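Okay, here we've got a single chain as structure tokens, the form predicted on its own, with questions on binding and movement later.
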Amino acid sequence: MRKDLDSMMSEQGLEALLIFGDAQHNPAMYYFTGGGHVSHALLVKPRHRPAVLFHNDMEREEAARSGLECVSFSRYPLSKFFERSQTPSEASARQLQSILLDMGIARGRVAIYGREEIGNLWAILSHLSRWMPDLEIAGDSPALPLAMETKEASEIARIRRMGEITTRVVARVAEWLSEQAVAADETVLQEDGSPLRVGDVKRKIALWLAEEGVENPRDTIFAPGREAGIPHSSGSPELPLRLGQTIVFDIFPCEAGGGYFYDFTRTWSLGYATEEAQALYEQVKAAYDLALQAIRPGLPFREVQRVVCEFFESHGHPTPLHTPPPLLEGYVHSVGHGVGLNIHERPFSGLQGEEMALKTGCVITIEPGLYYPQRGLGVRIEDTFWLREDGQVERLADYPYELVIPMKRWRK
């Protein structure tokens, strides 16, 4: 949590955090500023001292809304530093050096975060490293991601609200689809008699999310048939919808300005489901239920992944547990991840890499799936959960799990 950041900085041996870029759609900067129209800013968070936000004069009022101490870059005019610089990146590095010296940061480890054009930032930090050899630039410190991993009550409330909005839009999509006409060949039709295509559905989703006042910066997965069998195929816009195909509907909007996300998936089949699809769906739902039963604070998240892998393998599906990459069918991904200002953040559940234990206060997804693109189907179920202080696991938004959406205007 935010209150733990200074202790985490101490554990990592960090003197300061430097965060670069805009305040919107920039999770590290948003974490401190709360968003706002502040562009190409710099935030400096010294250990055991409040953060300071450096900004352009044109955005001074937007910066002030952050509640942080704000300092205009006009105190450090680039024109002054250009006098002894050969390139814009060198002038920017001299400006950054002057800011750090004024804040008493001349040595020790500093961690770099944010979203900025990498080539320019790399050049600035390269110059700074030469001029400040006692300053160690650490690009991979987990201090801030660790603080962001567990959420305060206000953050949970915002994620919960995003869940309510997300499921409200999902329900609207389901109702709208159920009302469409169906041709004799089982193609779903629009009002004008033309095929209803993936792109038409996604435009409705984008509209309804916008009407709710939230953003959809990473699009939506609405993938029917073969594309449902490729987990991150978003759905080709020109594909027509047909009855009896599995559709993986994965939606992950965020608060306007790049705030907190919600992550949610259902698999649908319009009109009816094939026996094969129904069997896969029931296995995925059983794996989902097993994963929920396994979750408890202190458990390594990868152990939940192991439970799901073993279950799927017992039903004859390949999984990452015993199948080397590339794994292109069966259960091909991990069981979940953290959610917050990033759609994917700590903790992660992969079998490889750092072992991350589940902590009270974290928000995670559970999302098992089975994928068989050559057979034209895929299934995934996903909800977002909060591990409460009392050890209970709470689903932050409820929604039914039915596979089949009945078509009101279809006559067999």
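Residue indices: 1-based, along the sequence shown. Note that the structure is predicted; figures quoted are calculated from it, not measured.
There is another form of the same protein, the form predicted together with another copy of the chain; it is not shown, and what comes next is about it.
Taking the partner from elsewhere, every residue among 114, 120 and 219 has a non-hydrogen atom within 4.5 angstroms of another copy of the chain in the predicted bound form. By the criterion of a heavy atom within 4.5 Å, residue 39 is counted among the residues contacting another copy of the chain in the predicted bound form. At a distance threshold of 4.5 angstroms between non-hydrogen atoms, residue 347 is out of contact with another copy of the chain in the predicted bound form. Another copy of the chain in the predicted bound form comes within 4.5 Å of a heavy atom belonging to residue 25. Residue contact check for residue 383: none of its heavy atoms lie within 4.5 Å of another copy of the chain in the predicted bound form. Only one segment in the set 309-317, 322-330, 265-273, 278-286 has any non-hydrogen atom within 4.5 angstroms of another copy of the chain in the predicted bound form, and it is 322-330. Contact with another copy of the chain in the predicted bound form, judged by any heavy atom within 4.5 Å, is made by just one of 178, 187, 236, 85: 236. None of 153, 171, 207, 106 but one reaches within 4.5 angstroms of another copy of the chain in the predicted bound form through a heavy atom, and that residue is 207.
Shown without its partner, the chain has 25, 27, 37, 39, 57, 58, 59, 60, 61, 62 in segment 25-64 as residues with a non-hydrogen atom within 4.5 angstroms of another copy of the chain in the predicted bound form.
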